[in-house]
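The chain below stands alone and is given as C-alpha cells, in the form predicted alone.
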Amino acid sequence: MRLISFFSVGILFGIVMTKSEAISWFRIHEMFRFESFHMYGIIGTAVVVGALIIALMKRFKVKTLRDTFVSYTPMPLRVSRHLMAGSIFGLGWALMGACPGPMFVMLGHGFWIFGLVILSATLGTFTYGIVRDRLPH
C-alpha cells in the first residue's frame, strides 16, 4: 500500500514533464543554444520546489522505503572533479536530448530506444562507482 504514493508521485512527475515540454528535444536544443529561457525556468523551478520539499520532509520526519528518515548531506566542492563530471553529464544530455528524469518519461511514452539510454546511464553510474577513487580530487 505504501508504494501507491510513490507510484502516484512518479505518474504526476511524468505528467508535469510532458505538459511542461521538458521532454522535448527541441526545447533542450533551444536551451543549449541559449535561444529560450523555457528550460532554465523549469530547472530553476524544480530546484526551488525540490529544496522546499526536502526541507518539509525533514521537518515532518518523513520516512523512505527503507524506513529511514529523509536526510541530505552535501558533498564537499571539488572544482576539477565537479567540472569534469558536469561536462560529461552535459555532453550526454546534449547528445541524447534528455537528462535522467525525462529518460524514464520518454520510455513511458513508448520511445523504446530510451531503454538503451537508461541501461547505458546505469552502466556509466556503476563504472563511476568502480573508478571514482582513482579520479582526480
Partner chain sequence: MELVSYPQGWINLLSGAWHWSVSGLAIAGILFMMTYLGRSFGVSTAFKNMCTIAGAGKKYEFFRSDLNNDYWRLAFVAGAIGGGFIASTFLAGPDVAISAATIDHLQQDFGMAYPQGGGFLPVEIFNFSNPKGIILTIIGGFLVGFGARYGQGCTSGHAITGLSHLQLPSLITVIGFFIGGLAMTWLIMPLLF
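Values in this document were obtained by computation on a predicted structure and should not be read as measured data. Residue numbers count along the first chain shown, from 1.
There is also a form predicted in complex with its partner chain; it is not shown, and the following applies to it.
Its partner chain is not drawn, but in the predicted complex it has no heavy atom within 4.5 Å of K61. Residues of 39-65 lying near its partner chain in the predicted complex, listed in sequence order, are Y40, G41, I42, T45, A46, V47, V49, G50, A51, I53, I54, M57, K58, V62, K63, T64, L65, the criterion being any heavy atom within 4.5 Å.
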